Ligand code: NDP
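Given as structure tokens, the chain that follows is alone and in the form predicted on its own.
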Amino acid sequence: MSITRRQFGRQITAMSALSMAARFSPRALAQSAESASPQPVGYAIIGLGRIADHFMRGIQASPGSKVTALVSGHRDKAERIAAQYNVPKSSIYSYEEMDAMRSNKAVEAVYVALPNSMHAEYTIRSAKAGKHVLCEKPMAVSVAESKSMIDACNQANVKLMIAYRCHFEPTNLKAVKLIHDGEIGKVQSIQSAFGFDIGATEWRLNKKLAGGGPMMDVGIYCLNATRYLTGEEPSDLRAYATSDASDPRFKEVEENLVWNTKFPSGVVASCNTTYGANMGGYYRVYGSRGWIEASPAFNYDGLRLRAEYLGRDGKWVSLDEPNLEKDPIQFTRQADHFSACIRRNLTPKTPGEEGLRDMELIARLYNSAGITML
């Protein structure tokens, strides 16, 4: 049965809202700490940059996951890393040779840790090789690419999960639970920001690789947080972008992006992201009986939850809870969840549709700000 683009969008919105509520229900919160698969799932790491290092170190602490192959354009680097993780040299592949992984039974899944514009190609190639895919965010650089990734994984009957770490992280999960339990009353507004002063040689300044500026890198954390904190999808949004014309870093991508969103319940959110200043990632949620703040909210460790609200007994409640967990525990949880989904044939909590929804919203934000996507 064929459906129109508008009907498809409505279905995704409805499904996303339902799945968001389910993911952060008490049952889902309990499942987020579920034990890993008793039989480790073997992962091929595609791309050996900084984020891959965090993920591989996370896997080392995981009883349910292990590194079994590497894909890299630098053989010498790959061999050094292979020695660290006991990966045989026969399981090191170049990008051109990667499709040969199909016959490697030690590889059941891949972790795609490449620049944004390469996510679609290597997700689709991995799916065709019969491997489950855990792909870094943002899912891709366009809505069309995101849909093609979902289609390829569905056709190959493999699972696709987008690496939204915060959906498995205790500080964020507690903030969501407090909000959804009504502790701060009716939510009125959300403020969120995340940015940093980017170095001039970063690949993220190349639009063909990154697909965009800070919105595609750290701004997506703020956007996704407003969705999981409310359990809703934005009904309206507006965005504004600025760049310093004299700064050579921003010839291809935006320097700053600010946006406002309105949700069906009446909640309004104000967010901003930048590559021009250090802006610690945080969110603050205001309700009719108090507020909740996570700051930092999106880092690999050092997260902190604060809150003040009028309790049901009429007494004020104050929270100040630092999260003492250290990197790379968030990556361990993420891998354990995906491995458990593979072993138990479950749908990941952050499937391809979750990444697609963010890409659809980013496309609307860029259009509102007058930015052309790839």
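When you see a residue number, it is the position in the sequence shown, counting from 1. Computed from a predicted model, the values in this text were never measured in an experiment.
One more form of this protein should be noted, the form predicted together with this ligand, which is absent from this view; the next part is about it.
Asker: Just give me the single entry in 305, 48, 340, 329 that has a non-hydrogen atom within 4.5 angstroms of this ligand in the predicted bound form.
Answerer: Contact residue from the list: 48.
Asker: Using heavy atoms only and a 4.5 Å cut-off, determine which of 231, 138, 234, 276 is in contact with this ligand in the predicted bound form.
Answerer: None of the other options qualify; the answer is 138.
Asker: Does the 4.5 Å heavy atom contact test between residue 221 and this ligand in the predicted bound form come out positive?
Answerer: Because a heavy atom of residue 221 falls inside 4.5 Å of this ligand in the predicted bound form, the answer is yes.
Asker: Would residue 101 count as a contact of this ligand in the predicted bound form, using a 4.5 angstroms cut-off between non-hydrogen atoms?
Answerer: Because no heavy atom of residue 101 falls inside 4.5 Å of this ligand in the predicted bound form, the answer is no.
Asker: Taking 4.5 angstroms as the cut-off for heavy atoms, does residue 240 touch this ligand in the predicted bound form?
Answerer: Output for residue 240 is no: heavy atoms all beyond 4.5 Å of this ligand.
Asker: Looking in the predicted bound form, any heavy atom of residue 95 within 4.5 Å of this ligand?
Answerer: Looking in the predicted bound form, residue contacts with this ligand include residue 95, since a heavy atom lies within 4.5 Å.
Asker: Only one of 286-294, 240-248, 73-81, 126-134 has heavy atoms within 4.5 Å of this ligand in the predicted bound form; I'd like to know which.
Answerer: It is 73-81 that comes within 4.5 Å of the partner.
Asker: Taking a heavy atom within 4.5 Å as contact, would all three of 114, 209 and 217 count as contacting this ligand in the predicted bound form?
Answerer: Judged in the predicted bound form, 114, 209 and 217 all sit within 4.5 Å of this ligand.
Asker: Given a 4.5 Å distance limit between heavy atoms, list every residue of 279-303 close to this ligand in the predicted bound form, or none if there are none.
Answerer: If the 4.5 Å heavy-atom criterion is applied to this ligand in the predicted bound form, 279-303 yields only 300.
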